[in-house]
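Coming up is one lone chain in structure tokens, specifically the form predicted alone.
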Amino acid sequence: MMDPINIVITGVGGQGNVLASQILGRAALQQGFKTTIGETFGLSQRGGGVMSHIRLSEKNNYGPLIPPNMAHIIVGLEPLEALRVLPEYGNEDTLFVVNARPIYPLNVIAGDVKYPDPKWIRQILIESGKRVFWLEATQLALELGGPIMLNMIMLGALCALPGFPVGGNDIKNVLKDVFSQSKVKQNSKAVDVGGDLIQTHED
């Protein structure tokens, strides 16, 4: 991995994007990384885009915003949001970790515009980056207790990428400080599920 490691986590309001970035940041700090996080919010309470920049370095403190087209990893909790991030932050070496199930914006629900075919989104990402991990994570989140579990599944997937310096166990150690005791086990399981998705992924 490069130094700094530039990660974008993107999704829509209500998916737990910000919490995922904060947990990753805490875990990275505990592993000795200099860590900066920047957040950008759309109309998050109305399903608008939410994007977090996380920068990890062994050497220096970097500014919180990733420079244009310098993201090493883009984690999309929602496929269209991953595509939105691509032109500004992606490049031919970017890894994409994307939850396959769409969340339809209000203008799509109202019939004003059409949501792109997810297969088309996937193909654009494949053609634009180094590798795409296209994950059917929403159903697994529902089986674990609800859609809010998605963020921990995707965080577990991120930390299972080959060479990524923060592991799933590092994330689970932080969960004890973030969630009540009754929720730690459930969220820890979600991290493991995400890791399994990467281990068993087929292109």
Partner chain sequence: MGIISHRSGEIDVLLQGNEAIARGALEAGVLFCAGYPGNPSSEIIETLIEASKELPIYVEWSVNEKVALEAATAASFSGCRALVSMKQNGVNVISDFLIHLTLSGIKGGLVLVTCDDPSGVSSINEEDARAFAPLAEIPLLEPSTPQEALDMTRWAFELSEQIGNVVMVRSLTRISHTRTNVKINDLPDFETTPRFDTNAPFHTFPVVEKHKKRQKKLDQAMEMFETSSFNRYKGPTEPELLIIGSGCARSYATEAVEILGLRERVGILHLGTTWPLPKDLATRHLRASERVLFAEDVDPFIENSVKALAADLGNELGTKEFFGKASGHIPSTGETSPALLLEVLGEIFHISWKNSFYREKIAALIGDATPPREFGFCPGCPHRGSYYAIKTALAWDDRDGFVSGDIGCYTLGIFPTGFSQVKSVHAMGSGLGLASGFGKLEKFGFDQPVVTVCGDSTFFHSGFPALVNAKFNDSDILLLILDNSATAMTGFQPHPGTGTNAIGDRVEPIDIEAVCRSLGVDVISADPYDTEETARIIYDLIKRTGPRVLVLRRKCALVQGREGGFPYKMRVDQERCKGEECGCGRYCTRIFRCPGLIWDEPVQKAKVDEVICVGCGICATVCPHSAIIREEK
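No experiment lies behind these values; they were computed from the predicted model shown. Numbering follows the first chain given and starts at 1.
Absent from the display: the form predicted in complex with its partner chain. The rest refers to it.
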{"item": "Touches its partner chain in the predicted bound form: N173 (any heavy atom, 4.5 Å)", "value": "no"}
{"item": "4.5 Å heavy atom contact, P162 and its partner chain in the predicted bound form", "value": "no"}
{"item": "In the predicted bound form, L142 touching its partner chain (heavy atom, 4.5 Å)", "value": "yes"}
{"item": "Close approach of I124 to its partner chain in the predicted bound form, 4.5 Å, heavy atom", "value": "yes"}
{"item": "Contacts with its partner chain in the predicted bound form, stretch 52-75 (heavy atom within 4.5 Å)", "value": "R55, N61, Y62, G63, P64, L65, I66, P67, P68, N69, M70"}
